[in-house]
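Given next, in structure tokens, is a single chain: the form predicted alone.
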Amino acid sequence: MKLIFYYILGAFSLLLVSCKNNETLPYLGQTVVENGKEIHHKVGQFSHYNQDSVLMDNSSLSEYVYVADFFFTSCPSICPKVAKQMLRIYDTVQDEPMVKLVSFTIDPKRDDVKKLRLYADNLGIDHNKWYFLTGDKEATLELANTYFVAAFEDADAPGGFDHSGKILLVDKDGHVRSFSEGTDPENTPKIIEDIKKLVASYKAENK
């Protein structure tokens, strides 16, 4: 029941969008107006180590568009399905320097830096393109909510954690701009197109 509640809450939050025109990706989550200026939802602050023992925070990604998910390496249920879709995205954006991928583990007790490095190596990915991050458990679970991902410990769930499989597209300012359900392969082409659209918008600004 708790996970269903978070699914409903997340779905409702993602419906609260603002969009200037049909060519612009929406800002997902609640937008408020302060002093006549729109303030869009931003993801929370984090400070985590990646698979190469490098401490990363939000500023580490401020020059990039990035695709994020929440997982744990021993997850026996949805994580392998989501990982396949993240790999599809990785293969598509591998040669685009503006795009990174970020996977936050919700099980830092088992997923230390060494474990994440082995996991990344087994996927055969570029460590400078796709970061696997580990940090404080409670902080990470709270962080997931800011990405509209339900994640919490549950002794009755496979692997001890219950979580949703959303894949999120985040812009340079920390705004969530698109998402897909990582458990549904048919969702992936849409978020890939949204990544391309967001990258194109930044390149157009810099011309």
Partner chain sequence: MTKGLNHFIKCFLGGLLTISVIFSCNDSPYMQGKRLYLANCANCHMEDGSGLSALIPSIQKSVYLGKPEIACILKNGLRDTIFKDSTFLVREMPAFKKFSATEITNIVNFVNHSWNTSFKETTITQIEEAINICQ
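Since the model is a prediction, treat every value here as computed from it, not as a measurement. Residue numbers count along the first chain shown, from 1.
Not on display, but discussed next: the form predicted in complex with its partner chain.
Using a 4.5 angstroms threshold between heavy atoms, N128 stays clear of its partner chain in the predicted bound form.
At the 4.5 Å threshold, heavy atoms of K100 stay clear of its partner chain in the predicted bound form, well away from it.
Of the heavy atoms in K114, some are within 4.5 Å of its partner chain in the predicted bound form. Within 4.5 Å of some heavy atom of its partner chain in the predicted bound form lies at least one heavy atom of A83. Interface residues of 114 to 142, taken as those with a heavy atom within 4.5 Å of its partner chain in the predicted bound form (partner not displayed): K114, K115, R117, L118, Y119, D121, N122, L123, in sequence order.
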